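The data below hold one chain only, encoded as structure tokens and taken in the form predicted on its own.
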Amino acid sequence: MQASGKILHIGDNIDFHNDIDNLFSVTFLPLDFFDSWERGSLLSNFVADYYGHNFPGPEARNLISTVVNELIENAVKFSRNNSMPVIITIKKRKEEMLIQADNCLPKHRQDAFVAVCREISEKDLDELYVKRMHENLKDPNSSGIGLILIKKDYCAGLSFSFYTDDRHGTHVAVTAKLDFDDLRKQQ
């Protein structure tokens, strides 16, 4: 999508455009996933199988699959319209994978999602996780737990870019950065 106007960036500074070794992108409609949620795991497992051989150990495949699946599910659940496209783009460069989900947000959820993104980027993730778990007991539709886990448990970089286009309104591009070189050093 072509951005018009101001872009609001929250989170880690992730360069999504330079030094790419490989790119894979798929566009789909959320409506297709509501017919069969299994499609999300099929797509995330495909990506993990395709890219997993680039990185050592079986945990690489599981990590890729988990992160891709989480971004797909969030984009589908929180799309403005079930007939508006979601774009998943995966880029590999050296020892890194960049995974981005881009979808159009419903107007009534924009401010709340911006607040969730700010919390994930600025607060202690362990405390935030416990807080979200308690909130989820009261309201199962509360959001952010999966994104917190991506950042907290998988040490992924996480970036949120909000922008508008003249045709569809406000979009969010959620980008996760998996650095397998850093992950190896931590183990």
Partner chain sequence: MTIQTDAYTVAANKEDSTVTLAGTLRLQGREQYQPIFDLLLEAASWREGKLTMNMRDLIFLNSSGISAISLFIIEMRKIGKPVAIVGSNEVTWQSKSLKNFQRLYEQVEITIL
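Residue numbers count along the first chain shown, from 1. Since the structure is predicted, the reported quantities are computational estimates derived from the model, not experimental observations.
The same protein also has a form predicted in complex with the partner chain, omitted here; what follows describes it.
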- request: Please run the contact check for S121 against the partner chain in the predicted bound form: heavy atoms, 4.5 angstroms, yes or no?
  value: no
message: Check Y129 for me: does it contact the partner chain in the predicted bound form (non-hydrogen atoms, 4.5 angstroms)?
response: yes
query: Is there any non-hydrogen atom of K151 lying within 4.5 Å of the partner chain in the predicted bound form?
result: no
message: Considering non-hydrogen atoms and a 4.5 Å limit, does the partner chain approach L31 in the predicted bound form?
response: no
Heavy atom contacts to the partner chain in the predicted bound form at 4.5 Å, residues of 73-95 in sequence order: E73, K77
